[in-house]
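Before any questions on binding or motion, here is one chain by itself as structure tokens, the form predicted on its own.
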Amino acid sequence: MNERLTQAQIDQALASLSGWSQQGNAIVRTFTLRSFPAALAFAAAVGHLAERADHHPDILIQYKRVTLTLSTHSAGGLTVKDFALAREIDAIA
């Protein structure tokens, strides 16, 4: 599960997601919420998903925007764990 994906596998996985893009060895998406408290609540919900998956994204909160960056640092790039967590995040967005 920690095996790095090929670029073809990454492209295929990205095609199944909406709003995510590849930036180097990571996938990134920015969510715009209705308010700062909503952005905080969303970031906390993402944190709970990440903790349950034992896979932790970088989270940047800028007022009502939350930018998430996913990468499997131990693998040095993208793995199936990143795309699985992205799908879970999309489900709660």
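We number the residues from 1 along the sequence you see. All values derive from a computational prediction rather than experimental measurement.
The form predicted in complex with another copy of the chain is left out here; the points below concern that form.
Worksheet item: Every residue in Phe31, Ala84 and Glu88 with a non-hydrogen atom within 4.5 Å of another copy of the chain in the predicted complex?
Response: No, the whole trio is out of contact, none within 4.5 Å by any heavy atom.
Discussion item. Considering non-hydrogen atoms and a 4.5 Å limit, does another copy of the chain approach Ala53 in the predicted complex?
Written reply: No.
Worksheet item: Across 54-81, which residues bring a heavy atom to within 4.5 Å of another copy of the chain in the predicted complex?
Response: Contacting residues: His56, Pro57, Asp58, Ile59, Leu60, Ile61, Gln62, Tyr63.
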